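Before any questions on how it binds or moves, here is one chain, the form predicted on its own, in structure tokens.
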């Protein structure tokens, strides 16, 4: 039963990793852009949530009403003002720019909030649990996993059932033809980044409720997000959820074997899958 519990807990942890990865998957699927600053935007979302809860005295989940639109606006302005200028044939330019954004964000957060670890207070939600036979499941991990499934389902619906989603897919497939058909590529990319950072805000709030954070933890969240995206398959949103679950289960099983193996086990599984399936387990099929 202990091993079953480890697998279940790893599955629920995978929901958080899927939230980390969903924005990355969306951005890559639309723009072929690898955002090195993604982990720092997750931390920014957590700090914005902390500020809102402190100032207004509201629950962290209610703070999503304020943080999600704020992060979406930041994403749109950032894409239209800076990142659109770097997109083109050269893959190095956006990597360097987003790396620079990562450094700026880390130092700005350090200056504003200091290096002291912070955590949002979600009250009874943090310790509440439900029993399923011999298993005891935390309400917060269950809620996080449910939110991850809902977010990815909403993104999938947006991508394949709305006019904005059709614009995303058309621009991703062929930017020049999309421009000729009347689509403003810069605006479409701005909307994609806005949507991605809105999801990142949700990931940041859930991170801030689950564990402590400081300005330096963005790199680790970025790695978990990248690994989940690559395991699931680049550009495949449901594959991202599967990748997050696989990574979470690998980590909890590794921790069960030896506490020091938790992160190592996740990295080993990632490298093994990458060696066997370089495009991930469920790569998106175009056409």
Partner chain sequence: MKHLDFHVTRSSGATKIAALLGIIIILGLIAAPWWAGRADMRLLGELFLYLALASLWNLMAGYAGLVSVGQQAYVGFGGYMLFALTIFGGLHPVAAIGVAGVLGALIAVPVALLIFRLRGAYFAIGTWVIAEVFRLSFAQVSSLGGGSGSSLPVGIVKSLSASRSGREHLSYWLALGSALIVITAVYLFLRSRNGLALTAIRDNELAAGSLGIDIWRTKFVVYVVTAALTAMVGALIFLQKLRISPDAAFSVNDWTAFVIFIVVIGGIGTIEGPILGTLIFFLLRETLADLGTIYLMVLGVVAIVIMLKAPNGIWGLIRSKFDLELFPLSFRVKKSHSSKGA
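Positions refer to the first chain, counted from 1. Quick caveat, the model's predicted, so the values are computed rather than measured.
A second form of this protein, the form predicted in complex with its partner chain, is not displayed here; the remarks below concern that form.
Asks: Can residue 61 be called a contact residue for its partner chain in the model of the complex at 4.5 Å between heavy atoms?
Replies: Outside the cut-off, so no.
Asks: Applying a 4.5 Å heavy atom distance criterion, does residue 135 contact its partner chain in the model of the complex?
Replies: No - in the model of the complex, heavy atoms of residue 135 and its partner chain never come within 4.5 Å of each other.
Asks: Would you classify residue 101 as touching its partner chain in the model of the complex, given a 4.5 Å non-hydrogen atom cut-off?
Replies: Yes, residue 101 is a contact residue.
Asks: At 4.5 Å between heavy atoms, is residue 191 in contact with its partner chain in the model of the complex?
Replies: So residue 191 does not count as contacting its partner chain.
Asks: May I ask you to choose, among 246, 30, 230, 50, the residue with a heavy atom within 4.5 Å of its partner chain in the model of the complex?
Replies: The option sitting close enough to the partner is 230.
Asks: Of 242, 34, 255, 70, which residue is found within 4.5 angstroms of its partner chain in the model of the complex when only non-hydrogen atoms are counted?
Replies: Only one option qualifies, and that one is 34.
Asks: Tell me which stretch of 104 to 112, 123 to 131, 206 to 214, 142 to 150 has a heavy atom within 4.5 angstroms of its partner chain in the model of the complex.
Replies: The contacting stretch is 104 to 112.
Asks: Out of 242 to 270, which residues reach within 4.5 Å of its partner chain in the model of the complex, heavy atoms considered?
Replies: The stretch touches the partner through 258, 260, 261, 263, 264, 267, 270.
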